[in-house]
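Below you will find one chain, with nothing else, as structure tokens; this is the form predicted alone, and questions on how it binds or moves follow later.
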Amino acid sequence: MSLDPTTVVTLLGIVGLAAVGIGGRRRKQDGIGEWTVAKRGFGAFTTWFLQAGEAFTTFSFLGLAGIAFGGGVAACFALCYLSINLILQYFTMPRMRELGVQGGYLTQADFFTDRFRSPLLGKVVAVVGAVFLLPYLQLQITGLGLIVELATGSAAGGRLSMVLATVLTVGFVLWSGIRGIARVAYLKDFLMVIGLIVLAVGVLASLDGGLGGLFTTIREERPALLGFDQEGYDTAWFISAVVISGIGGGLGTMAHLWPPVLAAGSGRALRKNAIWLPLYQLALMIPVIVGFAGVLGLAPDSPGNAVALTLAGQTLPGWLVGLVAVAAASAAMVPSAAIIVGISSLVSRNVLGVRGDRAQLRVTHAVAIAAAGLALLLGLARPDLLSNLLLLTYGGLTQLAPAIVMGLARRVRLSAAAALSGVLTGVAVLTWLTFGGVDAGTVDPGLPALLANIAATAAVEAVRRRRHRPALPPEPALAGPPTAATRS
């Protein structure tokens, strides 16, 4: 891997991000509580960056441009589902925080254990959360390697960067916990916006007629990209992907999104963020535009995930390509760190049930290393399309949505048995549709799995209520005609 300006800027940026995270530690950590949710006092400013940092990821840079390149306006599904996310979060997140403070929750599974009075349900949810977050972690690590590979032109450099970034991310997470993630999130969001703006200016400046000319040419030469007629990206795909991803993010089904909520100092801070976070969606239009630009400037068989940085390399000087690569790398490292916290705390606290603050923290750290190592191995051995990994995560974790809705109510009227049956049914159907060779067309398999989940939940709850329905009191005997005894 040659040390050209792009490579130097990229590698220095990755190391610098980790250094910022290491500097986030404030005090000695005696337990998982400080490491996971700090002192539950983060204000709106810190919570804003944490929530944005974990929601806008490598997919925002690479995956969206790739979908726009191959599927056209179908890439706007991200704008739709994020809007649904934030509308739902305005109502759900403050309630989650309120329950978390009352019950001392540190993880998503704590919510299930407490609200449904079922440690078994909490364990199952923890396993589901950890298993389906793992491909999401793989997505971030794989995406980061692809970013460096495309920026530097070295496949070996991409693999090396995956290892380096994973080690550095695990290092600052173990040392600083959520406070370190918050510090890197400040820098990440700044870099992401700047990087996207630089990318947009460079790409549009290279086009005849700028933005207007781009879409005029698309309308004349590739009008199908402006509708839902592309193979694999039809109306059924768009609607089902929006529904599953919108429900998944809006109802708190992703375990790594709970620590920022539980660490917030007030519900008001969370509501303010839900109002203003849609501003980030303006930035997400840039990868979509870049994907359309790739249709005109790249070969039709170009890899979709390579579109954004390939165009950056064609239109920007090396050091600016490095800046865009660092911004994209930060969009991988912050979510990776949050996912590592989410998986490790679920396993140590809810699956293994480790007792004692210090012991729980040690096991959490060990699981964090193991989870990151496994995701790295999967990323090196079995890289996959970023959008597929994202939708698999959302499809699996959305199976927790019905139980979460019932658990957020003032009074939980759903039994743990019904909730458990629904989750297991949904996960089983999703697994069958995804890996069983079933042809479900372009519909996101998470949607039929969710419908089966709801049906199973309703059926089990109906049976339970019928069995536990209180017996009616016996009817009084009908009075017969008066007898001589009664007349006397």
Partner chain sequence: MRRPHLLWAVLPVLGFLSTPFLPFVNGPHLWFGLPSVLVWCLSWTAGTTVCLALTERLARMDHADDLAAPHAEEAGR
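Remember, it's a predicted structure, so these values are computed and weren't measured experimentally. Numbering follows the first chain given and starts at 1.
Below, we turn to the form predicted together with the partner chain, even though it does not appear here.
Contact with the partner chain, judged by heavy atoms within 4.5 Å in the model of the complex, is confined among 80-88, 398-406, 144-152, 335-343 to 80-88. Taking 355, 413, 219, 117 one by one, only a single residue has any non-hydrogen atom within 4.5 Å of the partner chain in the model of the complex, and it is 219.
Among 279, 377, 156, 370, the residue placing a heavy atom within 4.5 Å of the partner chain in the model of the complex is 279. For residue 235, a non-hydrogen atom is located within 4.5 Å of the partner chain in the model of the complex, even though that partner is not displayed. Taking non-hydrogen atoms only, residue 123 never approaches the partner chain to within 4.5 angstroms in the model of the complex. Residue contact check for residue 362: none of its heavy atoms lie within 4.5 Å of the partner chain in the model of the complex. Using a 4.5 angstroms threshold between heavy atoms, residue 271 counts as touching the partner chain in the model of the complex.
Judged against the partner chain in the model of the complex with a 4.5 angstroms heavy atom cut-off, the residues 12, 160 and 164 are out of contact without exception. Residues are counted as partner-facing when one of their heavy atoms sits within 4.5 Å of the partner chain in the model of the complex; in 344-365 not one qualifies.
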